[in-house]
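Quick heads-up: the C-alpha cells below are two forms of one chain, split into structure 1 and structure 2.
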Structure 1
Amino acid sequence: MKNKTLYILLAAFVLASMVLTACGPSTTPEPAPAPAETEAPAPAPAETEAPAPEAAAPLVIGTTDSWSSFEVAWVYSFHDWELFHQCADGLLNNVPGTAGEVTPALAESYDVSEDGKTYTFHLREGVVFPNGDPLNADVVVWSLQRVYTIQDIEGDNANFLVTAYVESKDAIKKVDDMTVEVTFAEPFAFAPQLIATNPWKIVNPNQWTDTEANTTNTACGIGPYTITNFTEGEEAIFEANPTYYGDAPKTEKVIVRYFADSPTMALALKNGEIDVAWKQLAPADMDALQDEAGITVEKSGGTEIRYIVWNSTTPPYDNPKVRLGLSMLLNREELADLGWQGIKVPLYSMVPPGFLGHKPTFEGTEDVEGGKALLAEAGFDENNPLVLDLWYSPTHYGDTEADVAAVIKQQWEASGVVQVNLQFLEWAAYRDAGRAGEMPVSLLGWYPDYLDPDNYTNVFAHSPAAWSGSFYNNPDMDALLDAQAAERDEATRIALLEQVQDLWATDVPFTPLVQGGLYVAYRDGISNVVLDPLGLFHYFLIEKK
C-alpha cells in the first residue's frame, strides 16, 4: 500500500526535469579472411533498414467528469477548463502546485502602472500557434475583446472574469506589434490571478470566430499539447505540440477516458486499462485502492466548497427567514460523515479557512428549534409544512451526490415542518435549468477561479447573481463587495470581508455546507503527479515509464 498526503496550500513544489541521452559504443568489425582463389566471391548481404523505434505508450487518464463546451470565452465547467489548460496558455499562467502564484507565459514580462490599474504586457518573440500563425499584439487584442462579443451573443458566464474587471472592451489596446495594454476598472490586488484564468487564454483569429460560441472547436491555442481527437463521453486525445515555446510535455501522448461511475473507473485502474484515476473517485473506491499493490493514492488539501443555492426570486425563498430557517435545520458534521462519507469537512463560511478575512459566521447557527421558529414566522409548521423540491446532479460531483441529497432530505424532514421531493438532472441540463431560474433549491460546488476571498463572495452574491440561479440582489451587500474588491489596505479589506460574512449569515444568499480535498490514484511507473488548490490536473507534467 502506498499513501502520500500533500499539503500544497503551505508549500510549492519544485519540479525538475532530466534529459537522458544514451549513445551505444561504435565498433569496427574485423575483416573476414580472403576467400580461396578457387571459391567464388560471396554475394554482398542485402541492405536492411534499422527498425523504427517503438512509440512510447500513451498516458491514459480516467475521469467520471463530463464535458460541456470548448468555448474559451464562455464555458464555465472545471473539466472543460482542465482540457483547455493542456493546450492553451494565457499571458500569465498559474504555477502548478502553488496557491495562486503566477508566472509569465505568452507575455515574457509585464509592467503595472503606479495607480495599479494598467498592465502592459510584452509578448514573447517567435511564438507561433500549432498551425504556424504567429502570436502578436493584434491576435491578443482580438482574442481578449472577443470575450465581450461572445458575452453579448451567449450571455453571462465565465466571461465575467474579463468583462467585470477590465475597464471596457476598448481598454484592451495594442501599443505596438508585440505589446498590449489592459486597464482594469479598479486596482485589483488579484488582477494577475484573473489574467491566469481560462477566459484570458489566447486563441487564433484564423481558427476561431467571434460571431457565435465555438462550442466544439478543438483548435485550442498555444499550449504543450494539441487535441487530435475528441469524442464526447468516450475519450479526448492530446499529442505534444512540436512548436510549443515552453518545456515539452513529459509524455508525448495522453488519452482521457470517460467512465460512467467511480467503481468502473477504479476497476479499470486495477486492471491496468488506465494509468491514472482522477475526478471523482468515490470514498469506498479510494479506500480500496489504498490497499491495492502497485497503486498509489495521493490526497491534497483543496479549496473546493459545496453549498445550497436559493433562488431568491421564487417564493418562499425570497424571504431570508425561510433561507436561514432551513439552513439552521442542517447538521454539517452528519452531512459530511454520512453524505460525503468523511472525505469533506464542515464549512461555516463561503470563504474557506486560510483565506484572507475568513470568519465562520455560520458556526453556532445549527439549531433545529430556532430554525422551526423562523419557518413558523413565514407560515410553515406541522400543520402547514413547507413542501420543496431539492435538485442535484447525480454524477457531475461524483457518486456520493445522491447520498448527500438524501441526508439533507432526512435532516429537513426530521423537523416535522418540511417535506422534500428529490429531483435530479444530468449536468448540462442541470446547469441550464438553474440559470433559467427553474430550480428554487439546488446543490452546487465551486473550485476557485483565482485564489482570493473575492472569488468566494463577490462572484456569488453581487447582483444580478444570475449564473448560479440565485438572482440575489441586496444593495448593501453590493456596496460591501465593491469596497473590499477595490481596497488595497489589507487590514481595512479584512474588516470589510468580515462585514460581508456577517451579512451573509443573516441574508443567506447561499448556504455553505462543506469543504473538500483532492484525490488521485495511479499505477507504478507514473511520476510527477502535481495537485494544486485550483484543482486543475497538469497532464503535461506527468511522466510514464
Structure 2
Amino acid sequence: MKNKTLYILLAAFVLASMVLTACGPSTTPEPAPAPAETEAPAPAPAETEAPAPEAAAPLVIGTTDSWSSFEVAWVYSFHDWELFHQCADGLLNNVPGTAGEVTPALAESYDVSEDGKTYTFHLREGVVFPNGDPLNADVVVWSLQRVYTIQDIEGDNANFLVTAYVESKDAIKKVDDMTVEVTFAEPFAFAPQLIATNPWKIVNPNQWTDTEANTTNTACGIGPYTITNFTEGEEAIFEANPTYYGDAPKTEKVIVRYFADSPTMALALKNGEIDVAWKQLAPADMDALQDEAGITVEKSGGTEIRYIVWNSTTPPYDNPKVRLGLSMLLNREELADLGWQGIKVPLYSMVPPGFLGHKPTFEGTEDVEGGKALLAEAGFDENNPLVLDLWYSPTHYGDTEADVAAVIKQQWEASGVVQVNLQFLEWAAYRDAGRAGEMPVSLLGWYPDYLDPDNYTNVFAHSPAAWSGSFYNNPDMDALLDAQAAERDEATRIALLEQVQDLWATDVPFTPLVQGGLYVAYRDGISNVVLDPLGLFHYFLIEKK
C-alpha cells in the first residue's frame, strides 16, 4: 500500500531527526519515557486489582462531546441527555428510531382527560430502582415536584420542560399508590413528547435530595444500565442493570470514551481503540471512514436545521426584498457539498421533511437573476453593491463553520452585487452579540426540544423573536402561529402551517439552509445501531460480537 510506505518514510524521518538531535556519545535516548527510573523502587507486587478478565469485551463508544451534568433537572445538552437516557426512564419513553412516537415506560398506561389537559398515569407494578427501592406514586410526585424546587433554588435550566407547561407544582398529584395525575396549563398537542424529555425522568428520593442540584450524582433513575464509573474527560462505564423491568441490554458493559476532536476519534476507530465513533464525527472524517475496510458508516435524516438569521430591525435587512434577494442568490446543494462534505441536505422550509405540514416553499427560489432583480429594487447593483458582514461561530457547530461561511460569501459575491466580510465570534460572545442585535446577518442552527412543527416555526418567527437576534415582528405571522398552536384538528392545522410557510418564503424572517443528518461509524462485529431522529443513541440496543 502506498500510504504505508509514506507512513514508514515519515516515521523514519521523525526517528532520524530524533536520533540526530540526541546523538550523544552512546546513549541514544529511548523514545520511551520512563518516569519509573525517577521513582522509588516499586513495592513488592501486592494483591491489587489487576483488571479482571471480562466474559465479553465491552462495547466502546467514542464521542467528542463533553459532559456537564447528571442532575436530572439540568440534563439538557445532547450528550448529558444521552448518558442519562441509558440509565433512567421516564413515565413515557421515546420509541427508538421514530420521530416523536412515545411508548409507556414507568407508566404502564395513561389516560387523557376530555379537555386534553389532564394526564393520568398508571404506574407499572413491581418496578424497583437499582438499589431495590420500589417505584410508587409518592416517588413520582416527589421526583417531578423536585424539578420545581430545584428551579427555585438554582435557577431554570432544562426545568422549563416541566415547569413552563404544567399548570403548577400542585398540579402534579398522587391519586392512589400507583396512580399519578398531571394537569397542563393548556391542552398541548405535544404533551406526550414533553413527558418523554429528560426532566420528566423519575429519580429515587433516597439517592437524591430536593435541597440542591447534584451534578455528579451517578445514581440516575431506573434504566437498562447503571453507571459504575465516571471520570470526566476520560470515560464513563455503564453496566447492565440486573433489576431492570424491561428488555435486558444487548451488551453487558458499555464504555464511553471522550475525545478532544473528531480526527483523533476517527484515528482511534481506525486503530481499533473504539468500536463506535459517534457525535460529532466531522464530515471529513466520515467521508474518510466510508472507504475504510472493516468500518461501516451509517447515515439517517436528522432533525437539526441550519439557517440564516436576518436582523429585521437593521437596514437594509428590514426590507423583505433584500432578505429574499440574498436568499435567492444561494445554491444550497453546493453549500451542502462543499461546506459540509455532502452530509447535510438542502432544506427548503424551516419545517423539515417528515414533519406535519412540511411544505418546501423555498424550492425553486434559487435564482441568481431574480435575486439580483430584487436587490436592484432595494437599490443595490454592480455600482452600488450591498456590503455586508456575515457572522459565524467557529467551533460550536463543528469545524466546518468557517467553510460554510466562505461558500456563502462566494455565492453572494458571484452575483457581483454583494460584497461580504466574514466575521466570527466564539460561541458565548456570539450569543451575546446576537441577542443584543449586533449582528445583521448571522448563521445559527437548531435542534428541536420536541418533535413538532411548532418547535420549528413558533419559536423563531413569533414576535418578539429576540433570542435569535432577528427581532422579526409581523402581526400576520403571529396570528397564523398562534392559530396553528391552538388548533387540535390535524387537517386545519396542516393548512395553517402551510400558510405559515408560504408567508415565510415571501417575508423571509429566517432563511433555511440545510438539514443535518445523523451519522455514525462502527467497526465490523457491531450491529443493531439505531439512529434516532431525536439524535439520541441507544447504547442498550447495540450488539457486539
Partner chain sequence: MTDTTQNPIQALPADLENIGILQRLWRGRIWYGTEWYITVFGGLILAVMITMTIFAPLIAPYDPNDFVGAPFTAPGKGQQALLARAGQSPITDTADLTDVVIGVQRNRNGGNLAKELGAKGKRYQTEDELLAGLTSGEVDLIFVNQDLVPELLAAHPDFEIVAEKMGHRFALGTDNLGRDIVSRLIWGARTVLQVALSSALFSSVIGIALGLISGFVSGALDRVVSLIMDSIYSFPGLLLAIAMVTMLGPGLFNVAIAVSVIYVPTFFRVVRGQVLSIKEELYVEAARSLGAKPITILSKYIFPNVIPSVVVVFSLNVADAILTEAGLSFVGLGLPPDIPDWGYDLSKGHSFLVAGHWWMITFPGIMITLVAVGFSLLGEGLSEILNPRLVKN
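The structure presented is a predicted model; accordingly, all values stated were derived computationally and were not measured. Each residue is numbered by where it sits in the sequence of structure 1, with counting from 1. By rigid core we mean the largest C-alpha set that fits within 1.5 Å across both forms.
Only structure 2 of the pair represents the form predicted in complex with the partner chain. Superposing C-alpha atoms between structures 1 and 2 reveals a rigid-body rotation of the smaller part against the larger of 27 degrees. Core-based alignment between structures 1 and 2 gives a C-alpha movement of 5.7 Å at P346. On a core-based overlay, W391 has a Cα shift of 9.3 Å between structures 1 and 2.
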